[in-house]
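Two separate entries follow, structure 1 and structure 2, each one form of the same protein chain as structure tokens.
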Structure 1
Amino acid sequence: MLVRVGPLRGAAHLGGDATMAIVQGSGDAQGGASAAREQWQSRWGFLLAAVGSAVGLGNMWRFSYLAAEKGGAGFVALYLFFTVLIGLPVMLAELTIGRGARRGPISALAHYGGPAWRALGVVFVAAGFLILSYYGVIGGWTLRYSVEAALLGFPSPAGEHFGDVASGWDSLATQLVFMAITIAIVAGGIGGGIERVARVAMPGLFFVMVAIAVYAATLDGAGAGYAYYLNFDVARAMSLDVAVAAAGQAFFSLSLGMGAMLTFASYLPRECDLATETVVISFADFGVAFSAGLMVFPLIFALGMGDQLSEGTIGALFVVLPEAFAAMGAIGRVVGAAFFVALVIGALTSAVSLLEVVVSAAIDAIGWERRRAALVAGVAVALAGAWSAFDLDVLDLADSIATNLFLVGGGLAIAIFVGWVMPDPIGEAAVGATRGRVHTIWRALLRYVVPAALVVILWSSVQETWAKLWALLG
């Protein structure tokens, strides 16, 4: 295995313990744990990268259109509920496996569960591949919108423009550009690529979001947007499709269920406090999603475009919002450009984590060098994404399958793995922890509550996805 200078220099910042972890790793050269495994350069770097993974199109595009489609605050409340009840335990489970095994997902699962569990790791990598294939397409649209907004403004009619941007060769071309940037960042490595970008990008994204939300609050008619967003329709919230969507959204938004957080944690030093990191990442992610609603809905309603939202299609953000920005004149162009730039940033730092899962698996399992793995995996994903680039129905279906089946199923498997299979998860999670009892509760949740909830959710998502598949084929 190649020993590079970057990771060792990175590890030096972490002090004695990290160096020790590396030395321990070298005694354990089998199964892919490299003697010089790369590491984050600091706790902040890891947190920003993990939040960067979580915060993305899911928080803005996916969250807003689902909140619109699934009836507002009831959906939001259920999404928060699943974030806490299922998201937190599964996030801690992924971080525990990753940090403990110090390997990519396939080898990490085999390390704790035996070779049969490699299969789950392979499913994770496939899920990452599938998600990134269409995520990169949407990322390409955001890239195009942000460049256009800065140079030309927002063309109208927005619906027609979206049609041009979002399918066919245009869509494929912007996807390729987006994927090329993603590949370049991942090729740069953990500390030198992913962490370095997240350190600049994430604070920038937060700043822009808060600024836009504050601006949106000053608009006449913003109240109608808040009313729509925060309206609690109890009857609507009780229906199962809302719960399924909310649970799927919790997984998607937190980047859970396919080993992305696991992979990021595999570059952590031993001494960090995983439970604290779990809480920080999850609430940062929820906070951004919630604030995205606070900016998107007032903007749209202030311009009287609320009725266009209720259909809640995947294009809503790319049609209604530009329409709103265009109607605001010069200021709309500034705000709109800032909005889409923030969206690109969020999308890139998320896409990077999706590609990293595939890449780290290739590094660990095949022994490829990072740059080669990033290039080959990234190009393969981009080619597969052509299908979604040319057909929005395929994109929509890929998203349903990936989220509601792969991620929810993957979350179920992780809960069972850590709850029942992995030896001494509590001991591993407790390394570096500052709290005691929390781990006992955690494992009880993983053993009973999370699987029970996810089986119900998974069962209804299978039926829903099946129906969607038939509709598309028929």
Structure 2
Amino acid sequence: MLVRVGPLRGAAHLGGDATMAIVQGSGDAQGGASAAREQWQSRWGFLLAAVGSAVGLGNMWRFSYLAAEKGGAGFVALYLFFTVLIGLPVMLAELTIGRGARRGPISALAHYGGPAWRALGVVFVAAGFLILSYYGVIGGWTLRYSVEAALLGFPSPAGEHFGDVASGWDSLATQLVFMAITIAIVAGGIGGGIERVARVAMPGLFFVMVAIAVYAATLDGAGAGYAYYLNFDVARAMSLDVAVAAAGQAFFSLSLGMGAMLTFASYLPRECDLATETVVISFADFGVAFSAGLMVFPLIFALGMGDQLSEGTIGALFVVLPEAFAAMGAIGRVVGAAFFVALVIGALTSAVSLLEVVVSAAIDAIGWERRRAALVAGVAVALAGAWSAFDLDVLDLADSIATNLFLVGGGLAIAIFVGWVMPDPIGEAAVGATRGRVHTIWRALLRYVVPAALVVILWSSVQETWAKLWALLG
């Protein structure tokens, strides 16, 4: 999901389904009365929504850029390795907690670990709130670019245009529109809002990406883009910094450590096979990320703009690519509009999952009706995001704090909780499936391997965040 925005200032200067089922949730940790809880209308509805949560703007560029810069196919192999080693175990842990407790993060962790573990749930909700506060700003940019591309084309120079719209009142206005759409979807409920949108949006996203990738393959010079993207530098891929980057990307891209998957799982029926769902979600997320590189690199290199690739996500998405689309003429306007529509879908489905974390916690803790919770939480997030809408450095710092500290720390805590604290996690995870060796291996990974890997990632992330904070204060 995550953007992992990179140097923002530098980028700116670059030139009908059945009626919703209702199930009875278990009580909270104090044994309170059970409450009616919504449920996904179908397995595919849940999977599409969960994949939508994982798929975000970071998938549309950051994965492919890292692959190209850090060993190509070797980096991809490392990414897949760490997805299996870290991503799948933590995702299965979140799904197990959510489905078993049938509550949002705060109540779910208290249900299994006691009142003291509510604090970790609060961290999850705070992370979702913080991420959405600035993610809504970037979502607003994608919305604006998609409309401009369809109606007006791409303004030139692209870097100057991005500098004009990325911060200030224009940025705030598009953020508010994006957040209003997000609030409306979450207020519609699990089946009538989130699942309904996911069933249309995610197939649409896949179709657009495949269509653009096929078109890009027909361009003269596309081969240079593939060569840049899929180079095989084994020596580069085996270095420590690349291994840490691959492990971090595997963790970040799956929306882990912030309670989104936990919350979505709380609406699942008991009979679903959580291990299978984990694998499907993880590799669908990888498929989108990998396919994004097959779209953008052939386009950029076919138009001779390979030397303009910047190190930040934002520079490529909102400066280099618009320049490429503009250089393509009329067809570029069509392809560009389709590309930014895909970005809007990715941003919106991720934003919906982030807001649902906050809304679910409010419903559980305060007993608010869903529409009220969605409106109040959404407005609060939008107000908090106003700072990021006016200052790109604040946005960049908020992203670093949320992704580098909150998410990695949250994932580390989840691994420890399920590995050492939660009673019989294997029994809960195996409901709806056959209990076997895979579940034993899963718990061993959560106890020993995942914490060790996340500590290394956390150490690297703390240094990066400290550097950005020091630069902002200095």
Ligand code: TRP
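Sequence positions of structure 1, starting at 1, serve as the residue numbers. Treat the numbers as computed from the prediction; the structure is a model and nothing was measured. Superpose the two forms; the largest set of C-alphas matching within 1.5 Å is the rigid core.
Asks: Looking for the form predicted together with the ligand among these two structures; is it 1 or 2?
Replies: Only structure 1 matches the form predicted together with the ligand.
Asks: I want to check S64: does it shift between structure 1 and structure 2 by 2 Å or more at the Cα, with the core superposed?
Replies: Yes, the C-alpha position differs by at least 2 Å between structure 1 and structure 2.
Asks: Align both forms on the core first, then report whether F81 has a C-alpha shift of 2 Å or more between structure 1 and structure 2.
Replies: Comparing the forms between structure 1 and structure 2, which are aligned on their rigid core, F81 does shift its C-alpha by 2 Å or more.
Asks: Core aligned, does the CA of A250 move at least 2 Å between structure 1 and structure 2?
Replies: It does, since the A250 C-alpha is displaced 2 Å or more between structure 1 and structure 2 after the core fit.
Asks: Would you look up how far the C-alpha of N231 moves between structure 1 and structure 2 when the rigid core is overlaid, in angstrom?
Replies: A shift of 2.9 Å.
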